[in-house]
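Here we start with a single chain on its own, the form predicted alone, put down as structure tokens.
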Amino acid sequence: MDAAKEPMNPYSLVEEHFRLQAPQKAALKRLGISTIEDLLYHFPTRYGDTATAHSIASLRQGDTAVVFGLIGKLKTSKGFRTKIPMGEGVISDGSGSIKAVWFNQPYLAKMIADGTTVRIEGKVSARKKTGELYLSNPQVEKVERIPDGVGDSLFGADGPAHTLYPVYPESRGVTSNWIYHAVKKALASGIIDTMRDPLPKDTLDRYHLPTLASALVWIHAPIKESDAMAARKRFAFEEVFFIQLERQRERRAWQKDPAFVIDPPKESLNGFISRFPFPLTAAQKGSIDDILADFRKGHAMARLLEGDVGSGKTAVAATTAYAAISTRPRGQDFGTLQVAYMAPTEILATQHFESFIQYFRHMPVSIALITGSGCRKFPAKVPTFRNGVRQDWTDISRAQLLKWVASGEISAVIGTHALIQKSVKFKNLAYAIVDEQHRFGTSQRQKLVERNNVPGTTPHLLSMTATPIPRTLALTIYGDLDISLLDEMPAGRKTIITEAASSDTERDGMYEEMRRELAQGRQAYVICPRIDEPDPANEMAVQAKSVIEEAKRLASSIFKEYSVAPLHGKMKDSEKERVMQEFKNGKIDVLVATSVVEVGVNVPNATVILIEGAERFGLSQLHQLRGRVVRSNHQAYCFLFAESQGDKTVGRLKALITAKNGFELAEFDLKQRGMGQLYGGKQWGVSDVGMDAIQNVKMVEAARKEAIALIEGDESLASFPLMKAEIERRERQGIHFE
């Protein structure tokens, strides 16, 4: 075979087959494309259809139309009466011309040069007085040419004609059109004949999925829309299936490990719970029962405790920690079982340390805190006083703390990731609790195992999150964990009052509400989307309130009589910790912050949160932010200020106001915005097509069922070499879904 006609190697680099300039290389890197296989798995986000394109002369008011043509006369302006900023341009196609107007989006007119060939899609509207037609807020994208009536077939001139054309995610330096032609060249080389399908034929037949070869052609060059949908279904199933396969292998390996049997007397446990200043909810009791049942099985528990902000996860953690601490290791004369509790930040770890002191102060239990800043131990031999406040713990050296942990004298160790450093060794680590670690993966679990001085014993693991996760995502991402839900709020907790506004007058009213709360000695958060003000010279920059400038404005003109301070991600960790501690101690009245406080310290005295630019946050994130003030039995308020008042924004904020809990909100946001936008595919290691699949509970359950059956029948996948090779390839590329 002539070398020029040899199929491309899927694992060869793109630059071996295409001449790339530096901007193109950078753009491909941003898109995650390095090999030809990456290119083929860079799927279109949607498809245009030249058959639905209109000539400008044929447009009528009320149409939603697609037009191809040249754009010109681009400018920015303001409405004569409304003063609304807008961008304008004129599109011509030979049959006529029509104006395009982008309200509140003037920057769009600066993103395209006059004389550019474009595809433009939008609703045809008419001016009231003149009847002149225009396209209102249309989508616009550059194209290299106006396609002919049958499009440009990826199969070549002799292949079947079709009118659908793919539109790919692009980046500055690489356009959708460049990707289109690169994929066309790869497919024309015969590459798909060299690629082996990792999914077994019987699985494909059982779920009516196309083969890999068919799916690659259909997703990049569909003759009809149903072909593209069938291809996406196949790749979605494949991705979720391999996530599930990896998860089930992890689960199987975890369940092989022996663990301490923990079975405390029921009377003793009830006595511990009876000291709580509140009754447990039915959901808390159910979750405790789930964990205790796992403790008795003799192999390591791996469970996720998912609960709304303020639903009482810490009480569940403390109760189950008590079950472990009050159990003596079998066959040993000295020491109790030990608990490790890991939190993502020093201030949260310190908060949990203080909570555990309150839960266990009536018992002869030693509790320690270990962070990058230092170590503490409770109880102190001699209580001390700081600023007139009794302190029952004492600062100790790291070396001394590690010695006591290794000897078993410390029952509960609370800390940050410092807990899994090599220097930390436990005598009888039986139970590990991980707070707000959205993916505490296999490597971290292994480090916990290594921290234990009892050979061959794995600690039980409880991972906790306050992030509301739709069931399908939880089944996929946490497929190796059992799941317990806290879907009730403690008795006496008042429902937060949530209001949305858009005008400066309404904002002033919100400030008055905040001032009333501050006058009663309460505290408040103000959340802004940005840290710094955008460059005034950059008209394309997103105009949104910034933490730094808003803190200055509020301190100088709105809340002059109160203490106002900023908090954001660019500050040093020590500075952030200091500000949060001062806010917790009541020295700061109004904390102006970015979403850095989304997972933050417990400040029961904070009862108001005002969120600027609310439309810029996902519903799940807004719910998390709102949860900062649902920390006591005081009435709490959440004020949402949206700069945009589009139908979607209004609908989403209305859902936030009316939803009963975070789980309901997560499902709503999933339907409205898609899983990828809601949770961020990159955050979970899942592509957009995989995130699409997670919206389909039947597909997730089918993939899970297949994975479980395969692992139960052949854990090493010896009978499925292609599948095993695919998992190993994903592991080499770092696709661990953690």
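Everything quoted here is computed from the prediction, not taken from an experiment. Numbering starts at 1 and follows the sequence shown.
FYI, the form predicted in complex with a small molecule isn't displayed, but the following is about it.
- For the options Tyr207, Tyr511, Tyr107, Phe278, the one in contact with the small molecule in the model of the complex, meaning a heavy atom within 4.5 Å, is Phe278.
- When the small molecule is considered in the model of the complex, only one residue from Thr476, Thr607, Ser311, Gln338 comes within 4.5 Å through any heavy atom, namely Ser311.
- Exactly one of the stretches 225-233, 70-78, 413-421, 486-494 approaches the small molecule in the model of the complex with heavy atoms within 4.5 Å, and it is 486-494.
- Although the partner is absent from this view, Asn602 contacts the small molecule in the model of the complex, with a non-hydrogen atom inside 4.5 angstroms.
- Shown alone here, Arg247 lies farther than 4.5 Å from the small molecule in the model of the complex, counting heavy atoms only.
- Taking the partner from elsewhere, Arg522 is found to have every heavy atom lying beyond 4.5 Å of the small molecule in the model of the complex.
- Taking the partner from the other structure, the small molecule in the model of the complex has no heavy atom within 4.5 Å of any heavy atom of His568.
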